[in-house]
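Next up: a single chain in structure tokens, the form predicted on its own.
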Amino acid sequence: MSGAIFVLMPLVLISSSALVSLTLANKARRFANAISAITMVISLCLLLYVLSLCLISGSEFEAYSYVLNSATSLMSALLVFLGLLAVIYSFGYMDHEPRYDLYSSLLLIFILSMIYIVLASDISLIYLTFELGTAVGGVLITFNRRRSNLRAATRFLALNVLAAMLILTGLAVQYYYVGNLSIAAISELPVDVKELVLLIYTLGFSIKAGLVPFGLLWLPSAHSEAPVPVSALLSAALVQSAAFVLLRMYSVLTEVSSLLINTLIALGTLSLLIGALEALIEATGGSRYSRFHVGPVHICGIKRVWAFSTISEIGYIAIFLALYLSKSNADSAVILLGGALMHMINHGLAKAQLFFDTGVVIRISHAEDLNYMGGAWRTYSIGNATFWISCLSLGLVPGFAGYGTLRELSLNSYVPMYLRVMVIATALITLTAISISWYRAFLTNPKSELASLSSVPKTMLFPGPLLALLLIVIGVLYAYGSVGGTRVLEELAYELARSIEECK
């Protein structure tokens, strides 16, 4: 019975909060906001409690084809935490919105959909929940009320419809052969059919995860056109939910063909370099050269830099997964799977921080285009530090949360040399792209009169610094976190990976 309670509680709490927001947010906004924040906090505390049970006693809770174990409870807790910050950030960021009731309720449903994508062990449930999140996300992208918003939402929905058709095809084939749509049932398919189904699923969820070439078509436009809290969740949460599904699908298999491994390596390596290079091009030359823009004029969009960078970051996860599948040594393989999970945490925290603090800089400078930004350090001095913390963490610099990715992919002899070189090159390009964006937004001369920091709602000011602090804490744990000779984060990553492998 406890399993059903743990599984259903976030659904009951957050959906109830969404209903309250829809009916009361325009009439009693403070009350509706308080309900939203409280229900999100309770959901987060519940998931963290479940995570502690799973880590300490090895517990696992299952109900209605949803599973809470170490990995799924941690990922869902991460999504709820980022969602909580996005909800609080929205209190001030969307204070001008006449349909705040609709926005607030849709944001909560969007967060809820991502939680249950992560928890589902049945692919049909993942499919249905993803389509709910896609529909809600498409509406949220349009809330800035520009024509370019509608174009971005159209691209987002069109690419996700293609992904949905692929996944639905995979579901039909899987059900025809085994009569079961669970993730574990993939392993029961005939060998030749299994390869086809996995390839279909891989392409479908790669579109949703934003891997190259698919991500180029929808990520830059959707991320740059959506309101900042929605952009943060699209980048830090939604695409990672799709990547997490791929991890779970492949972890139940004992053997995978070289075709699938090479497909993942190709998608991953192309995403690594192209995403990072596009971020650099956007930061320096703008959309005239980086392309994939939906607005009427060319821009040098700071949110587009973060969007291209997201494509690159998801490429790391694909590389981790490909190496995991190609390893014959079980212990080494599970370390790579754990590395993918830790990279998701790093990317989720760092990218959300960049989007949240970018929203503050946009308010101060009255511009989203780097060509019209500048001088933000004069008003928002803490942003200097927080931007650099995420820059160094996404650049895989030791001392920050991203160092684990560098260590696993570049400092281990079993990783092919060309991949090690590519990872280091990507990290350096990412560092450069974010550094240039920081310089143009903070250090160049302001192009117009800057607004006072006091004009920025207080609810927008603390999420970025909080996330930056967490990146430092994780980096310190990587460097010094050992208890009785055991490395805390490495042990955590190992346990998380084991829980994915054992989840049926």
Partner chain sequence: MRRREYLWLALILMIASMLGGTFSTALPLKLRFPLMWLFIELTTACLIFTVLYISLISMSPRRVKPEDVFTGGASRPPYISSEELYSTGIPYLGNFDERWELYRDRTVFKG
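Model, not experiment: these values are computed from the prediction. Numbering follows the first chain given and starts at 1.
Omitted from view is the form predicted together with its partner chain, to which the following refers.
Asker: Between the options 291, 420, 366, 407, which residue brings a heavy atom to within 4.5 Å of its partner chain in the model of the complex?
Answerer: Residue within 4.5 Å of the partner: 366.
Asker: Looking at 259, 191, 411, 297, which is the one with a non-hydrogen atom within 4.5 Å of its partner chain in the model of the complex?
Answerer: Residue within 4.5 Å of the partner: 297.
Asker: Looking in the model of the complex, any heavy atom of residue 195 within 4.5 Å of its partner chain?
Answerer: No, residue 195 stays farther than 4.5 Å from its partner chain in the model of the complex.
Asker: Quick one: does residue 169 come within 4.5 Å of its partner chain in the model of the complex, counting heavy atoms only?
Answerer: Looking in the model of the complex, residue contacts with its partner chain include residue 169, since a heavy atom lies within 4.5 Å.
Asker: Decide whether residue 95 counts as a contact residue for its partner chain in the model of the complex under a heavy atom distance cut-off of 4.5 Å.
Answerer: Output for residue 95 is no: heavy atoms all beyond 4.5 Å of its partner chain.
Asker: Looking in the model of the complex, any heavy atom of residue 146 within 4.5 Å of its partner chain?
Answerer: Flag for residue 146 set to yes.
Asker: Just one of 316-324, 138-146, 265-273, 77-85 has heavy atoms within 4.5 Å of its partner chain in the model of the complex; which?
Answerer: After filtering at 4.5 Å, what remains is 138-146.
Asker: Taking a heavy atom within 4.5 Å as contact, would all three of 102, 157 and 164 count as contacting its partner chain in the model of the complex?
Answerer: Yes: each residue has a heavy atom within 4.5 Å of the partner.
Asker: Which residues within 219-236 place at least one heavy atom within 4.5 Å of its partner chain in the model of the complex?
Answerer: The stretch touches the partner through 225 alone.
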